[in-house]
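One chain comes next, on its own, written out as structure tokens in the form predicted alone.
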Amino acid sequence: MNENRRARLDSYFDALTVLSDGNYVFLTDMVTGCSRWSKSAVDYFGLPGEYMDNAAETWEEHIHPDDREVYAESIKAIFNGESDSHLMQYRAKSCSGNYVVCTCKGVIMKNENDEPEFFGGSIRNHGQLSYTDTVTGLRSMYGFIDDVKVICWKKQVSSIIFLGSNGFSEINDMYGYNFGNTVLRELSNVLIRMFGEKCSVYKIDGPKFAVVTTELSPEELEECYRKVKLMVTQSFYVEGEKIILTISGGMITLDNFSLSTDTIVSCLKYAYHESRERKLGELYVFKNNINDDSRHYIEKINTIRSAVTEGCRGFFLCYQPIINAENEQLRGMEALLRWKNDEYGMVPPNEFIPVLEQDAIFPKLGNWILYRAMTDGKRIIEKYPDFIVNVNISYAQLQHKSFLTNLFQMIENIGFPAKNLCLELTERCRLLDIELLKSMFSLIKDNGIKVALDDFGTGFSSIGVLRVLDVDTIKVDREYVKDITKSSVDQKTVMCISNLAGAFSADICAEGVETSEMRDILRDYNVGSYQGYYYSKPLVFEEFMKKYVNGK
């Protein structure tokens, strides 16, 4: 297919996508026979790819046997010139093996000589969720995503807010779900009224909404948010009951139109999370700053996210040794994620992990980290059978329903001894229900895997967590270690943590050990292991092997 015809195919396809209203789009070049289909259709039905030759025959294989004859006759009429359009309903098999009802509309597009040139149209999958929220009547998440795609296609600068009510489950518990739905409907009316005609309001999921505008400035949108927040805390009545809602919200300004909608949604979710967890509901504006490399932050996030989808391209692990405090021999290592490419160079994980944790794609990256760390660690365990590999686990992984299944399958496939693996719970795991954590980590411990609490002394770690989770190690946050040679307060803090760990039969690992003086003081507090630059910076695996394994 020559480049000119491919360019025309793509151009017409993009135009159809804008008008699709959430349907799958297909477009066939009747001269070359090449077709392009929506990626969402490719993924849902397991098609060979977005570009296909003989797409009609390929698609026919997915249609229910009882519907194929009528479909084939309609397609034959199109390509024989007997018909200019196509409208029918049939059942099509998804990649899961289930049949869903589809309505297909297609039309012939002719050239200047009135000759058939393209055949294109759309397919509506009636098995998917509606583009309209059934409770509020607002457009749903699917409609929001489609509308953002249109904004990007039209290159319209816009501002977008994600907002939601915190603790909405308490309203459902107190008044019942029917009343809770009434509250959501009234809240949607408030949002429509307060944000005005220059904004579009969407119902996302649960008690969360989105607001999009191409007309209001970010400052005007932020002022509307403040008015909503004030109103629902002071004068919000539903069926005569005064309801007090606490609102959190995150906002971004969209002025880069090459971003994927997944990246945009992830940034919005991150901003919403920061508002809820750290800003007491104050609107958190996602800063798309220009960094030292003259690139916008959100562009960098978009590139890194794409790298995850492309087989975790550019990601690699470094390992920092964990040293036995008693004899200063190697006890284990912690796997630390890094990412690098030619355009951005080395990007620290704290620049992208918090955003990607809000993304459905994060478990894929988490599985890659686990696989790589265990594969590398197995080489060391062959020489040192008691060697421990520590891997940080995000709440985004733990809440994924297949996490444990994937973990245990990975251990079996690699042949990695479960007793040599230690999972570190990161600070954000506090977002999960403690009973869920208790249930999951009971299974993890039953399979011989160790558990550590990372960054002890920060927001996540607490006595309450230690009471319900059977942990092997408490890692003292470096914040309490960096000044321990001169701060009596930090010395007392570490002593208290050590006593607490002893009460729960847990070991202590001190992070951030950078000098021999720090090491010596920590010895007085029953610290079992050290980690920090005094012993080594994080090393790529081959350097780690050369320093600690091969030369021994």
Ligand code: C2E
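Everything numeric here is computed off the predicted structure, so don't read it as measured data. All residue numbers refer to positions in the sequence shown, first residue = 1.
The same protein has a further form, the form predicted in complex with the ligand, not shown here; the description that follows concerns it.
Exactly one of the stretches 192-200, 390-398, 305-313, 176-184 approaches the ligand in the predicted bound form with heavy atoms within 4.5 Å, and it is 390-398. Taken together, 334, 426 and 532 are fully in contact with the ligand in the predicted bound form: each brings a heavy atom within 4.5 Å. Among the residues 364, 478, 296, 372, the one placing a heavy atom within 4.5 Å of the ligand in the predicted bound form is 478. A heavy atom within 4.5 Å of the ligand in the predicted bound form is found for one listed residue only; from 27, 513, 508, 484, this is 513. Contact check for residue 358: every heavy atom lies farther than 4.5 Å from the ligand in the predicted bound form. Although the partner is absent here, residue 226 sits far enough away that none of its heavy atoms falls within 4.5 Å of the ligand in the predicted bound form. Contact check for residue 419: no non-hydrogen atom falls within 4.5 Å of the ligand in the predicted bound form.
Within 4.5 Å of any heavy atom of the ligand in the predicted bound form lies no heavy atom of residue 265.
Although the ligand is not shown here, in the predicted bound form the stretch 335-358 places heavy atoms of 335, 336, 337, 338, 349, 350, 353 within 4.5 Å of it, in sequence order.
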